[in-house]
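What follows is a single chain, given as structure tokens, in the form predicted alone.
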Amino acid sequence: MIRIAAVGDIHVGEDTHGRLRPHWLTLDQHADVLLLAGDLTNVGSRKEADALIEEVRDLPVPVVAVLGNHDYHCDNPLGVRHALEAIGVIVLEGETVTLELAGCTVGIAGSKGFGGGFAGACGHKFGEPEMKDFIRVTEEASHRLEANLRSLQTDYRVALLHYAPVKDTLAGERLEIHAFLGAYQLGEALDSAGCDLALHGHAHHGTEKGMTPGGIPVRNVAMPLIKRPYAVYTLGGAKAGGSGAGRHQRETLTT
């Protein structure tokens, strides 16, 4: 049984560091790993990155993160990434990592993702080059996510995103901004490759629980939504088969 602590949109600023660390220092009592679903800072400045690493330094469980749109604002996402990696945080962008946790292997495919919308209200790679580029970024991230999930030969597979892969977890957000909160292509990648759990942030006023059309559980862990330093999700139970492409491992998921 694997216990996954997850949170996104913690938006650490120069004057807000220290609020999460006391809760995270006892994570090993409740979880085996901490997953951070982007928007770790307000604007991605060097000073905010310094404050962020003081929150996550030397925690008692492994930490895996993706960046969010706020972490890109100062045009230095690599600076945020390198600051985190310097203290042992695993940062993923179109990459994977395999961890051994509680006697099992857990593969994590990480991607910020991007927007574009959902069936019936989505953008298309048509018209102006700017629109084509917008959708191309989403498609490329989704293709890479699918390939990375397929590559994981592990007991459990988890997708860690910032943007939403389904509209279920956006319920509560204004419909007009759904296209900027996530994209259906990310959900298609999950269903095509298969995984046990998908986590994302970004939608502060959305809904915690959702599911892909193929039945993969999706959880929105934006801190303004879950209103706690992290949520814990437990994966375990009898499997329905191997981890072949197009079929995710059916697990007992508890919150």
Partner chain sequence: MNQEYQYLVGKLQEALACDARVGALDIKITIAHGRVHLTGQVPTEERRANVGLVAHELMPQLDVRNDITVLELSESGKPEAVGD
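Residue numbers count along the first chain shown, from 1. Note that the structure is a prediction, hence the values are computed from the model and not measured.
There is another form of the same protein, the form predicted together with its partner chain; it is not shown, and what comes next is about it.
K.L.:
Report whether all of Ala83, Lys112 and Asn148 sit within 4.5 Å of its partner chain in the model of the complex, measuring from non-hydrogen atoms.
P.N.:
Answer is no for this spot.
K.L.:
In the model of the complex, does Val61 have a heavy atom within 4.5 Å of its partner chain?
P.N.:
Because no heavy atom of Val61 falls inside 4.5 Å of its partner chain in the model of the complex, the answer is no.
K.L.:
Is it the case that Pro213, even though its partner is missing from this view, gets within 4.5 Å of its partner chain in the model of the complex, heavy atoms only?
P.N.:
Close contact is absent here: in the model of the complex, Pro213 is far from its partner chain, nothing within 4.5 Å, heavy atoms only.
K.L.:
Using a 4.5 angstroms cut-off on non-hydrogen atoms, would Ala51 count as touching its partner chain in the model of the complex?
P.N.:
No, Ala51 stays farther than 4.5 Å from its partner chain in the model of the complex.
K.L.:
Please check if His205 has a heavy atom lying within 4.5 Å of any heavy atom of its partner chain in the model of the complex.
P.N.:
Heavy-atom contact with its partner chain at 4.5 Å: present for His205.
K.L.:
Please pick out the stretch from 67 to 75, 125 to 133, 139 to 147, 92 to 100 that is in contact with its partner chain in the model of the complex, where contact means heavy atoms within 4.5 Å.
P.N.:
So the stretch in question is 67 to 75.
K.L.:
Quick one: which residues from 1 to 24 get a non-hydrogen atom within 4.5 Å of its partner chain in the model of the complex?
P.N.:
Sequence-ordered list: His11, Val12, Gly13, Asp15, Thr16, Arg19, Leu20, His23.
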